[in-house]
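Two versions of one and the same chain are coming, encoded as structure tokens; call them structure 1 and structure 2.
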Structure 1
């Protein structure tokens, strides 16, 4: 570019040249508004029906121009990732960069195509505006700058997980999921917008945003610290958690939710077990309290309570009826989903806090609940749901009719189970999938072929099993039949099991949404099999309580009645986990924390009272 000298006065003829402009036709600008650019960045509009109140717009705004305002009349549902908050904009701060629009996980925010001052009368001195369903101050405006694939800041697809292919995995019980590579974990963590909806949805309120951020920074040890703030079943939940966090993840509104469970798994697998024990134990400094607590059952609820109580300085003894600790994760979840050594690693951390676990020590005949009451300051009952329900249809008492939980336990105990060539499973939940896939592996080993049929009451649109479980079961050769209700176990003339008769199910729920299956009695099928496995409801064996204690306790429609902290009608007895809340690992962990906090408070009160 040519330089122009500041003192250059130009040509002497310049004024004459300027006079030439008078000869040109005048240009007139119309007073009527011109249409703005389609991508004009005017004021904010927000579709409240789409907005989930995640506050990501607020967090990305460098000028702190956005404030989340609570709207009490709007729905709030942490499990679905919905907050009753909506963004309000301070136009004294906004620079119209549009990042709030580009990051918005639901795509609800846009900028208007007009830039019109919309504050009126008493609002004239305010730049603070809450865009609502009526637009801005009741005036609707067409959207200009809006979310598009081009402006999207977040990758909508999650990092693919490496898994064993079906032909390989069906050969044994090796873990299917292989885990993320380090760079994959960083890339997946980079998708997180730190909205915290996962934290609110998680029953134990795990600090997922914090550990995901640590993973993104490459600091696995910090991630482990964050995980252990609320969950001592870190490896277990990194593998088999029901991951409610992912159902609430804001990114799931427009793409695939973050793989939060797999990120937790990655963090735990990235740090050696010994180092995890060091990290978790180094801040456990409580002095011995002199108080003793007994816990019956070594599943997630019991051991979480044990972990917390031991860190408070109480002497904790856990009584386990079976040979190894772990409860349902040990004896109910197949090793291809949860390898023993990962559960062992979690339990080793818990034991490192000073928890004593006594296996092969059932409570009942020799060691009674009354004995525990006398010997300990508090007792926790956390025995889970270790028995399977039977359909009790005709023939269900046959020796070759089994319950899924019993078979899963025998497989996990290492028994050389020998399933026949044909097996039928009744049920459509995750336990049905677990036993179907476990028996498929044993069939493959024994017979070189798989013949497993799963009969579920529900149709595929309402299937109770996790979709991934259903998909993987089918990939492994399990035949899954929806809308089949059990009618009768067929027993042949020699007393052998011939199979299961089912009826077609025309509907499962009534008008009120209650479980009330209706059958088509003309649609009967026989599924030939030498074993039938029932995988329906689960129950808890409470005979360990004894008659006297059962009478003293309060019950609520068959369930042990506990208060919001898990305390029963007996002041020395608390209860937690599946037997109180129903089957779910992460709920059991949350329950263990709740019960431990209540016991710790009660023991402190005893100490202060000198009792």
Structure 2
């Protein structure tokens, strides 16, 4: 033990030294707000016009100091990634760490230099605050800690995707997108804040946050399990989905949205096809129900319904008129976007559930819809949109005027098409880009040069095709003309096709938003071509229904009318997919789930009633 020195013991007179302070000037400052530093972490403010209600701030708060409060008067739009919720702060829990500010995807929330709040014991609830732009006391206060490049917790840039360069890809139909490397996928998945807006925006309500988290952990098999909770067309949607989830992604408010589609593709490509089938079939399938369901059409809607119904124990037979199953993904999407083997892998998983697919079996003269009605407990009509619409302008009946869907099918069936040196395409959607780019490849192979002109009604600010499709088409030498409307197809004196006359478009829609193009008749151009291809939309071939059934069904502007569960006016017939909703793979998948659930419920009720 240390010895205590004599001078450390103090003195009895020592306290008297304090009396000397009475003669000194006070140094205590009066009670008044003192200026805070520029980056002070005071009370919160939240710009409600920027806030999207994603709840990321709530999830990152370790103290559970943030509660998301629903504000009914605010807009709610899942498709755009907007919730009518705003964060409320419990200042009894908040530690002013600023993580909520640093991670906010929209940058709407910040901290001020305001730090004094006094309340009586009876007003303890005033510590629970719903911040708005005016702060805790309803008036502006100098800004403090806010999102900056130094504090940003989210990487705004997505991982670059390796693609074939234009000079290489124009030589053939090899797949353009090469996919993520494993570390790239992990880095991209790390950008996800798990807000769930993608789940709400997706028509199938895919569990994207769950499979993205699994990818981040390096568990591709778990990612596959999560994907197959809602989407049996996993390879297809990993390549050609319209990725509405990315349009809703909260990260896209300040940077590039998460590459959700490419991450799905990475997970599926990381697990061997046989192992995928094992993972999916590991889930228990119900015992045979004794019920039989027929599905007409083997596209995404029909096969998704077949997948679900087979797993419920029903015997499912799919009838396909063409030689191979897959519908429009097989015969309408070019191989450079969707290779056959990836579509085959998806279909193999569906067949592994016990689904029988009969190809080269058209419905019509020999095997009728009435026969199916008699032989099965339920029938699903999912025939898609196989026929192209016509412009019906003068000359559109010429032999060298084609529809895009017809040519795309012939190319996918392996027919040796021989396009001429000059082709003009009418339309500006993704189908127009698909046929333009496909014919460009065939022109390069046959003529060594490309001369494709696309004429679209819309201007580039409102162009219907996906921006990536438009960009890549131009890179491949396709000439795209905006605001040009078809007037007449020119026929030469010898009967050959000479080209397409177009007019300048002044507007596409009228004041009520209806489709009603207006033209400048003084702005006329002739686009010389030996082929004209119409890509202005598709329709279903309903001739397979027969006159009697067609008359009993209800129609809405050429589309079959169904109820919210996909059931038609005939109680034994359901319908799903493009012929009901319009062309979109992921909506077709969602439709397939919907009708399968409705049929399963109807069959259960019928069984219970019979018992």
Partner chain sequence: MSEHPEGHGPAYEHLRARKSLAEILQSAAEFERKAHQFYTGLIPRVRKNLRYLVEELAAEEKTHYELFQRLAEDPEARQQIQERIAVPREDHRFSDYIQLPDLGDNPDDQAILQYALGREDAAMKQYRELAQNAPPGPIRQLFEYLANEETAHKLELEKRYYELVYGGSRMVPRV
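Just so we're on the same page, rigid core means the largest C-alpha set that superposes within 1.5 Å between forms. Numbering follows the first chain given and starts at 1. Here the structure is a predicted model, which means the values were calculated and not measured.
- As summarised for this chain, the first structure is the form predicted together with its partner chain, and the second is not.
- Put the two forms on the same core and the Cα of residue 362 is off by less than 2 Å between the two structures.
- Comparing the forms between the two structures, the C-alpha position of residue 528 differs by less than 2 angstroms, with the core used for superposition.
- Annotation for residue 255: C-alpha shift under 2 angstroms between the two structures, rigid core superposed.
- Look at residue 555: with the core superposed, its C-alpha moves 2.4 Å between the two structures.
- For residue 19, the CA shift between the two structures after superposing the rigid core equals 11.3 Å.
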